[in-house]
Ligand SMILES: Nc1ncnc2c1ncn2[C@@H]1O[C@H](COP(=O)(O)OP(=O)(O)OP(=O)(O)O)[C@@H](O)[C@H]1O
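Here's a solo chain for you in structure tokens, the form predicted alone.
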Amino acid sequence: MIEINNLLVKYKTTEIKFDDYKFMKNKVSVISGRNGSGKTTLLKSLSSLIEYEGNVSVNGEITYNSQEPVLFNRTAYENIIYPLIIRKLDVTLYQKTIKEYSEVLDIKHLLDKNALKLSSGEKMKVSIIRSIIFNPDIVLLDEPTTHLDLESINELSILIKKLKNKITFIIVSHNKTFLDELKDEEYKLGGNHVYSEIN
């Protein structure tokens, strides 16, 4: 579970205040709101990637998957196992899972390819698997469907549904069909939410 209270993020010319909220465990929560309302800012705050005021209480390990994944100049497979290596986990114990996830997202045939030479959609798939392979408690997905075609979006939906009994997903996406199919709850940025200019 994640709980936010009095959350405020200040930039040079603006500040964004968020309504108090609880993201429940083992649910797919979606964050909605107009462009510039702070969706990505909220995800980065939850994962402590930016400074904020107020309180963010996170129960468990959390990982953030950017809308523009940063991959290493290594194979797709080596990118996927990176979080296992830095956590000193036994990579051999995850081979079946890597195979399963890569089959669902249809990139099994790409695991030996250089990740930097993949298409934008393929890079996103590699990044998503890298985000979930070590079984974090919470996964934040920022615009995961941006570079995906309809078939790939359906594949991602299948994977998330498969995993949500053990991973809490919080998703930002402009793809309403994708969100409506997955969401258990929705946190709307608007109403009492404050977006103000700093003079």
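Numbers for residues come from their place in the sequence shown, where the first is 1. Only a predicted model underlies this, so the values are computations on that prediction, with no experimental measurement involved.
Omitted from view is the form predicted in complex with the ligand, to which the following refers.
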*Heavy atom within 4.5 Å of the ligand in the predicted complex: which of Thr63, Ser157, Asn26, Gln67?*
Gln67
_Residue-level contact is defined here as any heavy atom of the residue lying within 4.5 Å of the ligand in the predicted complex; does Asn35 satisfy this criterion?_
yes
*Close approach of Asp137 to the ligand in the predicted complex, 4.5 Å, heavy atom*: no
*Interface membership of Arg130, the ligand in the predicted complex, 4.5 Å heavy atom rule*: no
_Test of understanding: in the predicted complex, would His174 fall inside 4.5 Å of the ligand by heavy atoms?_
yes
_For the interface check, one of 161 to 169, 40 to 48, 54 to 62, 148 to 156 should have non-hydrogen atoms within 4.5 Å of the ligand in the predicted complex; which one?_
40 to 48
*Mind checking whether each of Phe72, Thr97 and Glu100 has a heavy atom within 4.5 Å of the ligand in the predicted complex?*
no
*Could you list the residues in 1 to 28 that come within 4.5 Å of the ligand in the predicted complex, counting only heavy atoms and keeping sequence order?*
Tyr11, Thr14, Ile16
